[in-house]
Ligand code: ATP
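The form predicted on its own is given below as one chain in structure tokens.
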């Protein structure tokens, strides 16, 4: 089974549960491990895959807690880095229907340094670029771009999730779009939310949005549509793959669970060629990933809610 290198932020989610979706009215917060790339690495490892996390946390109790959490879930943290800067924090409020509100306090995640020694281990494996904070400047953004180049030169399967957060890009969405485009152009698989697909493509119609994004360069597109499932677009074919019905309590991490499950299945193949050629194969993979994402919404917190292989087989 191939390794999946997940690059980006690992942070503390301070979650206000069942206190509405307005953070200003929340009083009690619960500490949970989070960060999109870390969630994906955990999703892969909990399913029995080889998730590797590459990111930076602070040399503080929060950073220690985060790395221990990933290690407990079976994630390879040998490439994680420590910084004197405080660990990144996110404050999340959740309404009864699982919708959320975010505020970030950015710290150590931006300090990730590029590791050239890693290049010898990359060929034939999978690179997932799914950070919410990677395009905000600092060492992390430069490192992110260097690993994209490594992924291309080392013939890796490259996955990109823009993870757009309005709080991070208020009144600067054009910059976000511009910075995303090189990754859309070079990645084999792009996972978007409906909002992200429309924003980055400039098209309201989802089929037109996919056409624009394919023209940019990416071969396989998945657009997650919540309870309505996922639109899969590849090789000129588009189809909405239905999800399973659940009663959601927390949507945090559902998209990470989806892409983690999809990458886990791809990593289990002997080679990547069938993924580019066989629509029915990828359709089955997306259906399983939909189930993983749905299960994740039935519990609070991203990592603790991620399903195991046994959960998916029920």
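Numbering follows the first chain given and starts at 1. All of these numbers come straight from a predicted model, not from anything done at the bench.
In what follows, reference is made to the form predicted in complex with the ligand, a form of this protein that is not presented.
This chain is displayed without the ligand, yet in the predicted complex the stretch 191 to 199 from 191 to 199, 107 to 115, 125 to 133, 76 to 84 comes within 4.5 Å of it by heavy atoms. The contact residue chosen from 305, 12, 294, 15 relative to the ligand in the predicted complex is 294, the criterion being a non-hydrogen atom within 4.5 angstroms. In terms of contact with the ligand in the predicted complex, the residue from 217, 138, 182, 226 that brings a heavy atom within 4.5 Å is 226. Remark: residue 143 does not count among the residues lining the ligand in the predicted complex, judged by a heavy atom distance of 4.5 Å or less. The ligand in the predicted complex comes within 4.5 Å of a heavy atom belonging to residue 244. Using a 4.5 angstroms threshold between heavy atoms, residue 37 stays clear of the ligand in the predicted complex. Within this chain, residue 251 lines the site of the ligand in the predicted complex, having a heavy atom no more than 4.5 Å away.
For the stretch 155 to 172, the set of residues having any non-hydrogen atom within 4.5 angstroms of the ligand in the predicted complex comprises 163, 165, in sequence order.
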